[in-house]
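A lone chain, given as structure tokens: the form predicted on its own.
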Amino acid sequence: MNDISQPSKFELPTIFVIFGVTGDLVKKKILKALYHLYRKKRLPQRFRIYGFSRRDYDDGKLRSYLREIMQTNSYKEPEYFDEFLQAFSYVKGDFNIKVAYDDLAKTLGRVDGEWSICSNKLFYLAVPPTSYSDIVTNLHESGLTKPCGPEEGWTRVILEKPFGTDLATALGLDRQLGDLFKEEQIYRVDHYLGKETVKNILVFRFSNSFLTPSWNKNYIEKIEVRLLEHLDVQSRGEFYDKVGALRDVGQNHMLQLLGLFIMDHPYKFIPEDIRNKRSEALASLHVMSESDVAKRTYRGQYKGYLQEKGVDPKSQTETYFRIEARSDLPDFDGVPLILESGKAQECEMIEVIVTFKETPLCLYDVEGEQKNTLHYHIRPDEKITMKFFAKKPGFSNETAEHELGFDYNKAYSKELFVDDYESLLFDIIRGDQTLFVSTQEIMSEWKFIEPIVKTWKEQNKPALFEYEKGKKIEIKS
């Protein structure tokens, strides 16, 4: 059934166990990704998927539930729905009760007996983070995550962000995972790393030799990472008010993007080296003092936020932030690294802008600043553009700004694009950890974020400002 050449470990029979199979993550992301992989013949030839949940379901009811999701969301090729869904079975159990895992182990053991081989096993925790501790403990104690051997029967555990709510909880979760599993068994998902344009950042940076000489503090004036959302908190008020914009998207998505733009060249283009360099980049960020936070951060809240359902009427939770970070990496020492994100913004966009310094010895007189910029668009457009200067036609030496660009959607057929969860699941099966967050990265992210959150909360510095929904926020540096 597979049409790609992969190592034998990829071809081995594989069992997927999804904790929280009736939850939102499966409904919105995982089911579709698995179906696409199935239709593209990117799953192992023999595979089964077990849903683990507390609902009073059986195999037939689970399949009917999943089929309804596929029909409601207009999945393509409905003639293959039933064939795909035959791979699903249901195991009823409570995440907190060990005997349920013993029953699951017996079920999976019977499948191995049918196949006459110790299958690979993948455990996806599609559940709230509050359930992580009980699940990983019970998985370990039941023996479900014990690999059969180096050549067959690997086991992998997949967790979604957030990885803790602060440095202490992140450390606690990490210690528990480290005590129970090997690092190569743990896959921490930040779905932004699976986006096609994000996966391309390293290829773009390190495969184009003309960029290398100028990718440092001698030529780069600043780097800006923006994640702007047009929508407000909508129905997530109660959750959002406990988290805020910085912990919701800054601590993970945005710092991961920044790491990809400032990391050093990996020694080899392999997962271990890439993750090490990304980790070094995040560890290089200055941990801010209270005075740094007061001077180099801004936080705002949109008008009407306090009236949102579930929000504390006296809430000081930020829905917008702007942070000027600094790095100790030799190539970026002194370069402002700006992180900006907010709800209820003028437009919807995710982008990284690299601004180069003004040409020091320009041959021609020009009005205003003459700076080249590299604009890396991730959403809504998927493209890369660069601004440059050229002479206008005529007798004078007047210059004008122009743009070079590459547009993903114009260059490639839409069929070639891979959904972020589809890409991540495929890499988990292959055992490629490049797009997954390491322990060191998570700790560095929290060490950078926590002093900012603490100063905002305890010192009220800088003061929270109010902004109009749907209007651009202007902050003078």
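Values in this document were obtained by computation on a predicted structure and should not be read as measured data. Throughout, we count residues from 1 along the sequence that is shown.
One more form of this protein should be noted, the form predicted together with a small molecule, which is absent from this view; the next part is about it.
- Looking at 205-213, 77-85, 188-196, 311-319, the stretch with residues near the small molecule in the predicted complex, meaning non-hydrogen atoms within 4.5 angstroms, turns out to be 188-196.
- K161 is the sole member of K161, H377, R326, K222 with a non-hydrogen atom lying within 4.5 angstroms of the small molecule in the predicted complex.
- In summary, among the residues H140, K387, R236, R226, the only one with a non-hydrogen atom within 4.5 Å of the small molecule in the predicted complex is R236.
- By the criterion of a heavy atom within 4.5 Å, V249 is counted among the residues contacting the small molecule in the predicted complex.
- Proximity of I350 to the small molecule in the predicted complex falls within the 4.5 Å heavy atom cutoff.
- When the small molecule is considered in the predicted complex, K92 lies well away from it, no heavy atom lying within 4.5 Å.
- Though the partner is left out of this view, H253 does reach within 4.5 Å of the small molecule in the predicted complex, counting heavy atoms only.
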